[in-house]
Each structure stands twice: as structure tokens, then as C-alpha cells.
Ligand SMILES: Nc1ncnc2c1ncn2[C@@H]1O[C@H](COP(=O)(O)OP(=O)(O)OP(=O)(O)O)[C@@H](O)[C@H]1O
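So this first bit is one chain, no partners, the form predicted alone, shown in C-alpha cells.
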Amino acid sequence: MNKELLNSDISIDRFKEISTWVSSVNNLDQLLELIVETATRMMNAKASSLLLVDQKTKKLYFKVATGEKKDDIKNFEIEMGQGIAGYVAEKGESLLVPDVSKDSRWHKEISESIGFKTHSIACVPMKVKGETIGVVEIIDKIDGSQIREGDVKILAVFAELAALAIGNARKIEFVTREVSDLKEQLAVKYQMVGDSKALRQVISDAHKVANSTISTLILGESGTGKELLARLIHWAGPRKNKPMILLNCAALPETLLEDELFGHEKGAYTGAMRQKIGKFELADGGIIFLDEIGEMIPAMQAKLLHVLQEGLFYRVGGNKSIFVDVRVISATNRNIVEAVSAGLFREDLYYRLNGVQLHMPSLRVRKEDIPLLAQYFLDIFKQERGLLHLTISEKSMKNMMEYDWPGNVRELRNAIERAVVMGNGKEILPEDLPILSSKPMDSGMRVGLTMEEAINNFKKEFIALNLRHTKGNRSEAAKAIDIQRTYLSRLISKYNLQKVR
């Protein structure tokens, strides 16, 4: 074989060059043509073709062909097991036929139909993960010499390259389709549902700021959908193909928050076994969404301000400055102006974050959206549980419209989910909805109490009310009032509410 390679002016470097095509040529059809045409020239073949197995019909069709009859031959299909190509595709083994007229497997009808005389054929399978996906064949030599075993080995190399190219293309197609499907699912999952004037206004404002780089502060009560608005700004802006990184500033203590934001170097502290990339670094070129920014302690506020002013930071335990291009969107349910006045939030950081301020309306000021939201959440949960004919009763919808929803859209979502799980599977009834009474409740306030005593009375009453409504289920109660379950457990112990059901 080495002698044949030398005589044909073939070298290892040439094969290396050809193998780079698999990753450098984006168009699969063009790549397969390059592979087949190069194989034809290198082996001085009169004609060649690459046939693929149709996954539906299980027939072989001509994907690439060379020679004087290359256009005519593409009109034909070959049954699996039919002819030399069909035999190789079925058996998955290479075949050299020195004289087709003496081989019973030869299917002469195609050659005779197009007027192409064939004497010898070499045919090899193309395989992806052990499955034969097609074949590559050469027909005769231009100089009339014999096709030899060495030619079959060379052809097998080209068949392997072609199979690799097709396999890679299929992977890319699969990943592309999967990414597209995920984007569609996310778009559905995170879409903003409603047609109220208040919601339309904030969505309009979000689109206006989306194409800028200005820092945006989103205000609104818990559960109104501030994160959804941030995602809308991301998707509608020029950074939509860059990452959007989310971080809840209230969920982490100071040391962990700094580590999450800026990362750390290996050995920065006990347990730092390897380098960690922080959220700001991950968001480079894209957007970082800092939720509950009003809960950030002053020490971290100063570090965040430095990043926003300078565009650089240091990993924990590091001394190398890291520059990033990140758009910051922040959100809080606190009265941030009052926090600034009280000295709890840095004024300079507030102005840095508050380039544009958007207000997410509470659900009680856009009640006309409740039917749309309820149906939207119902469609999601009934699909998950296979309850395709589940509906909401008129009385249930009336109750939802009359309720003020202090937990906003999040509370409505949780209420519908619970109703789907706990209901009869046919119709959501009023008793299925875990919504609290809209009637004013006794706040426990009276003259003579200190502020701390009044606040504690309210907390005790409020927690007891939620526990009774969830029949003592702490996870559901914590979810309804938007606090951590561990924090709720501490409050239950503090106010001696362990027996509330």
C-alpha cells in the first residue's frame, strides 16, 4: 500500500489536510462532494458515488456522484441488499468486485439504463456508532488498471471521513433543534400574561430600555413578576444571545454573596479546592439580574458600587483585576428611597442602579388579568397531570376576582397548582383554592403597645393564619408568604405556634 501511496503522490499530510475539512467546512453537501471528488482523483477512478440510507424507506439514494453520468444516476434508488451497494449497506462490510459480470450480486439495470459500462467496483460502508448509514463506491480506473485492495483501504478512509462529517452534522442539527425547543419552552414559561393597561405600560417601558445599556431598577411587591420583566428586557435587547445571570441577594450571607458575585481563587480560604468563576464574570457581555438588591448589606454595597463604577473586580483571594462588560438590572420589593433616607442603602449606589426605574404593578390593580393568568397556569398544570378537560368553576373565578392577592401572581400560581393537585380532576371548586379571606382581619393592634410588640403580634397572627390555611404544612406556608422554610420554622418556635393546624 505504501508503494501505491507514493506512486499516486498521496501523503500523510494530504490526509491530514482532508481531515480538517470535517470541522472547517460548514456546508455538509459541499463537504461530502469534496471528500468524494478527492477520493476519485486520488484513486484515478472513472466514476464514484456516495449513497445514503433513507431512514424512513430504508432505501439507498445517491447523495453525491461523479463521472459523465453523475446527473442521470441520481434519479435511481437501491433497495437494501440489492446490487453491490445494497449488499455492502446490508452487511456493513467492504467489497471489491474485480469483474461485475462474474458476480451474482451485480445489479446491471442502472448501468444499462444510463448507458454506463461498468467493469469493476470497490464499495465500503459508512458507519456512525456502529450503524451503517450509507456507502461510498468507485467504479473502474481511468487507465484501465485493476482496482486493488489498497484502493479499498484508501476508500475506507474517505468513507470514515464522510461518516464523521455526517455524524457531526446530525449532532449540530440535534443540538440546534434542542436549543430552539428550549428557547420556545422558556418563552412560554416566562411570558408575561395579561392585557391590562398597567401591564401593557410596563411592558412598553421595558421594550424602550431594552436596546440601551442603562442600569435598570425594577420595583414592585413580592410575586409581581420582576424577574419576568428583567428577562423580557434581556430577550428584547441586543444582548439576547449573551448570558443572563440571576442572583438573589437576600438568599446568601455576606461571605457567600461576595463569593457568588466575584468568585474565588484556589486556596482563597479553607475548602477552596479550585478556582471558581463568579456571576459577574459569567455574565460578561450579557446581563446580571440582582434580585432583592435592597437586602444587600452596606459592605457588599460598597464592593458592588466599585464594580459598577470601574467595570473591574478581584476574585476572593486574588490580586488580578478582571474587567467585564455587564449590564445590571436590579430589583427590590422594599421602599428603596426610605432605605436610602434611613442610611440602610447607599445613596450613590442607588443612583448608579436607578438609571431607569420600572414599576411592576400588583395583581390587585390589574384584576382584569386574573382570568387570563388563571387559565394560563391551569393549562400548564393540567397538561403536567394529564387532566386535559379540567376547568375552573364560575364561583371559583368569582372568588378569585374578589380576592386581593397579597402574594400577587406567585400566590395565584400556587393556588391554581394546589387546586389542580387536590381537586376532583374535573372542575376547580371554591374549596380547592387556598386563598385567604379578603375581609379585614383583626390586626391585634391597640393603644399601649410598643412598635416591637405590635409587629410581633402581627407576625404571630399572620403566620398562624397561613399555617391554618395550609393545614400546618410549613413548606406551603413558607412558599405562600415568600420566606425560607428554615426562617418560618424559627418564627414558629419563637411565637409558640407548633400546634397550629
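Position 1 is the first residue in the sequence shown; the rest follow in order. Because the structure is a prediction, the values reported are computed rather than measured.
One more form of this protein exists, namely the form predicted together with this ligand; it is left out here, but the text below deals with it.
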| query | finding |
| --- | --- |
| Residues 30, 125 and 165 all lining this ligand in the predicted complex, heavy atom within 4.5 Å | no |
| Residue 309, heavy atom within 4.5 angstroms of this ligand in the predicted complex | no |
| Partner proximity in the predicted complex: residue 409 to this ligand, non-hydrogen atom cutoff 4.5 Å | yes |
| Residue contact check: residue 191 to this ligand in the predicted complex, 4.5 Å heavy atom | yes |
| Non-hydrogen atom contact residue 116 with this ligand in the predicted complex at 4.5 angstroms | no |
| Listed range touching this ligand, judged in the predicted complex by heavy atoms within 4.5 Å, from 278-286, 345-353, 137-145, 369-377 | 369-377 |
| Contacting member of 215, 222, 196, 393, with respect to this ligand in the predicted complex [4.5 Å, heavy atom] | 222 |
| The unique member of 247, 100, 244, 228 whose heavy atoms fall within 4.5 Å of this ligand in the predicted complex | 228 |
| Sequence-ordered list of residues in 327-351 near this ligand in the predicted complex, where near means a heavy atom within 4.5 Å | 333 |
